[in-house]
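In the block that follows, a single chain appears as structure tokens, in the form predicted alone.
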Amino acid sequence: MYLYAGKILRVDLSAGTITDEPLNRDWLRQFWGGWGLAAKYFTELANPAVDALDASTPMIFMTGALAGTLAPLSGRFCMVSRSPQTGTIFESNVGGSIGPELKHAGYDGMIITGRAAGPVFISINDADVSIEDAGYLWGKPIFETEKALKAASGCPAAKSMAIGPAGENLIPFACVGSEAYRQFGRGGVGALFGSKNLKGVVIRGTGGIRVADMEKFLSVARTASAENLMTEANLWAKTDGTPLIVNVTNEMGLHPTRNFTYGVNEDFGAIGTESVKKATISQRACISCPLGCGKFTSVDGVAVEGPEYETLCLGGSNCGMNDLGSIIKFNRTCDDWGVDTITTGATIAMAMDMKEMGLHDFGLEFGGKAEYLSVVEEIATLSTDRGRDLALGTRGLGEKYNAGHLAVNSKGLEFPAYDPRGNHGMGLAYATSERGACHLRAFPLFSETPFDHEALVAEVVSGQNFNGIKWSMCICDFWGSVNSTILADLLSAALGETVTSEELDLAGERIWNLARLFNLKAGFTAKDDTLPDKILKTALKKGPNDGSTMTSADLADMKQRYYTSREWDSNGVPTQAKRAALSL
């Protein structure tokens, strides 16, 4: 079988059983791999009425169709399940090389169900798979745990993923770390691990992947890399990385500052791209990636891979924090204890805003370093009253303290670092994302008409559909110029059969609608496609967009245009005709 290993690994932690089964080939040309194929398996296995943390809720890990080959930037690794943070279906993915390692071990994906009686980890060494005791690792942070997992595997080349105390304590925005500093970040994958008493997974694979025509495949891959990937459209990731976006969003006037109050950080230079460059000590790349965007920074002896843009803004500007050294410490602590930097930063910023508004004093204030840094561990360990409060995230914090008007999230997932009052398309993208506010589903940030609803709706729909297939191929987001024609050419050469761009575009739309149908069955409605009061009822301050708004009327107008464009009814439900056209 070309490209695919042909097997799915199943681990039932309640029964302690390990089996494998043939990959469902009937689904491949509809869902391909990664997000799409994992979503298909999940929707077939999961009960929409069951809570995310129920033992029966499956976690579906899936490699991309091109994973393990020399196709550039194709090595990300997807996980689909139900989010402990939002209750929706959600997808999260990680870079590095752990995905291809699983395929080299002989599995396209892995389905984990059940709950172990005590802490365990899963060990995969090619066909030798076992469930091992992890009692001695429980309570340890991620970096130490990953070293122990590698030691337990007996192979320094093994790849691992693990949770820290935040996952063990079921913090809804707990993440899973992999290969140090890389995370399944958003939506609470770490809490899913914790709910199953699963501390981690360590994988060693020594097999290979077959393609139909190696010479042709390598030629297509080299051409795509030289003529599309390694061009001006993408090289910013190699030279500057995402810290460059600090400068860009400030110039555009939609850089969230002080809990989404201002659109510019007047001191952004202290944490912008030039400051990060001065602190950079080395770079690293994921498997099959010539960009090598990962940058290690160090200030005052504290080092981290990052900080990436989202952390610089949500953990920096949005907290009134303009000290790069403090942001690096914040980043490292989040990574080690296992919490998502976006939600953690946004929740701390909201707590700071609550003090400034006189609603509650958590001992946190904009720009204050010491408490900003110490509260991260308190959140992960639930060791203090304020740690337990902030572990609720912005939605829970707002409900407890009657401060919902300061909470910036959609479907309970905190906003990424692009204020929609400076670009209404970002607002529509956040409101309609299947997993809550997300910039990885559609990204109309650079639209020349940031308030033209008709044009933005078309851009959001197109972006969501394409990202449906891109994340199913597990292609890194930093290949921003990749398109479905390039992906079809790579697949055609590898499979030895014709794959068209139209076929992939249709698959992307199918995957988006599949996720929508699950959320509808789980009880979500058009009312959940919304934005928070902080965005809909207050104007942005300072910068080029001073006074800009995105009102409820703006959102309602865009939603109806969006539903019509998608051939959904006025309640946001895909029509029977659309479902039939997509074979759903």
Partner chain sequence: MTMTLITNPDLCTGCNRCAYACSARHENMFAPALARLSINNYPLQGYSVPSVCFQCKRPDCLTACPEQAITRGLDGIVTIDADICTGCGKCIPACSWGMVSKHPTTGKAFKCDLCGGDPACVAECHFNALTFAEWEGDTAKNKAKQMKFRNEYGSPELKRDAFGKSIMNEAGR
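Positions refer to the first chain, counted from 1. For clarity, every value in this text was computed on a predicted model and none was experimentally measured.
Beyond the structure shown, there is the form predicted in complex with its partner chain, which is absent from this document and is the topic of what follows.
J.: Looking at its partner chain in the predicted complex, is some heavy atom of each of 143, 214 and 286 within 4.5 Å of it?
T.: Yes, the whole trio is in contact, each within 4.5 Å by some heavy atom.
J.: Report whether the minimum heavy atom distance between residue 132 and its partner chain in the predicted complex is within 4.5 Å.
T.: No - in the predicted complex, heavy atoms of residue 132 and its partner chain never come within 4.5 Å of each other.
J.: Taking its partner chain as it sits in the predicted complex, is residue 185 near enough to touch it, meaning that at least one heavy atom pair lies within 4.5 angstroms?
T.: Because no heavy atom of residue 185 falls inside 4.5 Å of its partner chain in the predicted complex, the answer is no.
J.: With the partner left out here, check for me: in the predicted complex, does some heavy atom of residue 332 sit within 4.5 Å of its partner chain?
T.: Yes, contact at 4.5 Å.
J.: Given that its partner chain is not shown alongside this chain, does residue 369 nevertheless sit within 4.5 Å of it in the predicted complex, heavy atom to heavy atom?
T.: Although its partner chain is absent here, residue 369 would stay clear of it in the predicted complex, with no heavy atoms inside 4.5 Å.
J.: Based on heavy atom distances of 4.5 Å or less, which listed stretch (355-363, 372-380, 151-159, 445-453) is in contact with its partner chain in the predicted complex?
T.: Contact-bearing stretch, as computed: 151-159.
J.: Though its partner chain is not shown, can you say which of 127, 302, 233, 281 has a heavy atom within 4.5 Å of it in the predicted complex?
T.: Filtering the options by heavy-atom distance leaves 281.
J.: Of 139, 290, 325, 480, which residue is found within 4.5 angstroms of its partner chain in the predicted complex when only non-hydrogen atoms are counted?
T.: Contact residue from the list: 290.
J.: Along 206-222, which positions have a non-hydrogen atom within 4.5 Å of its partner chain in the predicted complex?
T.: Heavy-atom contacts to its partner chain in the predicted complex: 206, 207, 208, 209, 210, 211, 214, 217, 218, 222.
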